[in-house]
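In the block that follows, a single chain appears as structure tokens, in the form predicted on its own.
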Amino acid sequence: MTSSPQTSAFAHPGGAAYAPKADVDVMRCLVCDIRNRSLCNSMDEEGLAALAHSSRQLLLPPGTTIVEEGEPALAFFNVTRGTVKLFKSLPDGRRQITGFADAGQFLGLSTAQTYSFGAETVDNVRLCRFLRPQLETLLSDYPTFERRLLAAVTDKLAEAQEQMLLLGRKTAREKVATFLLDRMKAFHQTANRRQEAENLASVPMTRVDIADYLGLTIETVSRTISAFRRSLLIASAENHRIRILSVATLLNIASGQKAD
């Protein structure tokens, strides 16, 4: 399958809309939709001002390369809107999607000199970019930010362990059920109360991406989702969303228990 044309947040600046530096002030952080759920939630107003002046806001269309595996690790990113897919590439061109970063999550942090993964936008994405020297200064000047970042890294390690279980031991039905529940949880972190009550899952990625993430074929993913629809466990919703009609049943399937 031929991959779709991609743009890069670095190689092609025209593909990203840069917020003018003169407009980058503390108000951008104060009115940020995901401030309370992001790395910035531990910062006071002075710290937020430092974050704003140390970062550049990027608005990126779908298919934009943010991080290239093996390239110099020059920047750190905090996603404030949209979804980014993370992946590892194989020598023969295949790739394994290792995760999805949604609003409030970070990517690109590395102690190595090069990135060990690739990252590409799934839909329209807004993020804040910190160059490496700027991030190092922030971590030195604001210990609370450093501690918050360390906690986020710890959470990422726990997610990696869950992904190993997902790929290694779960059946296709268990994998798809787990994926849908994870996407519901991700959506709830940025949704309003009415949307939360509807148990919606945001699924902007393609079936190919889902298959690559779960270690399944596209056909298996499609069959399993169709079977869940026929069993009235899920239903389609607008804006690339899926409504979870029976959270309890999907939880039973995801955990390996026999569904009622």
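Note that this is a predicted model, so its numbers are computed, not measured. Numbers follow the displayed sequence, beginning with 1.
From this point on, the text means the form predicted in complex with the DNA, which you will not see here.
Q: Any idea which of 117-125, 167-175, 144-152, 74-82 reaches within 4.5 Å of the DNA in the predicted complex, heavy atoms considered?
A: Stretch with heavy atoms near the partner: 167-175.
Q: Answer yes if any heavy atom of Gly70 is within 4.5 Å of a heavy atom of the DNA in the predicted complex; otherwise answer no.
A: Output for Gly70 is no: heavy atoms all beyond 4.5 Å of the DNA.
Q: Decide whether Gly215 counts as a contact residue for the DNA in the predicted complex under a heavy atom distance cut-off of 4.5 Å.
A: Looking in the predicted complex, residue contacts with the DNA include Gly215, since a heavy atom lies within 4.5 Å.
Q: Contact with the DNA in the predicted complex for Asn41, defined as at least one heavy atom pair within 4.5 Å: yes or no?
A: Taking the distances in the predicted complex, the answer for Asn41 is no, it never comes within 4.5 Å of the DNA.
Q: Would Ser231 sit within 4.5 Å of the DNA in the predicted complex, counting heavy atoms only?
A: Contact check for Ser231: no, nothing within 4.5 Å of the DNA in the predicted complex.
Q: Verify the flagged residues Thr206, Glu219 and Ser226 against the DNA in the predicted complex: is each one within 4.5 Å by a non-hydrogen atom?
A: Each of the three qualifies.
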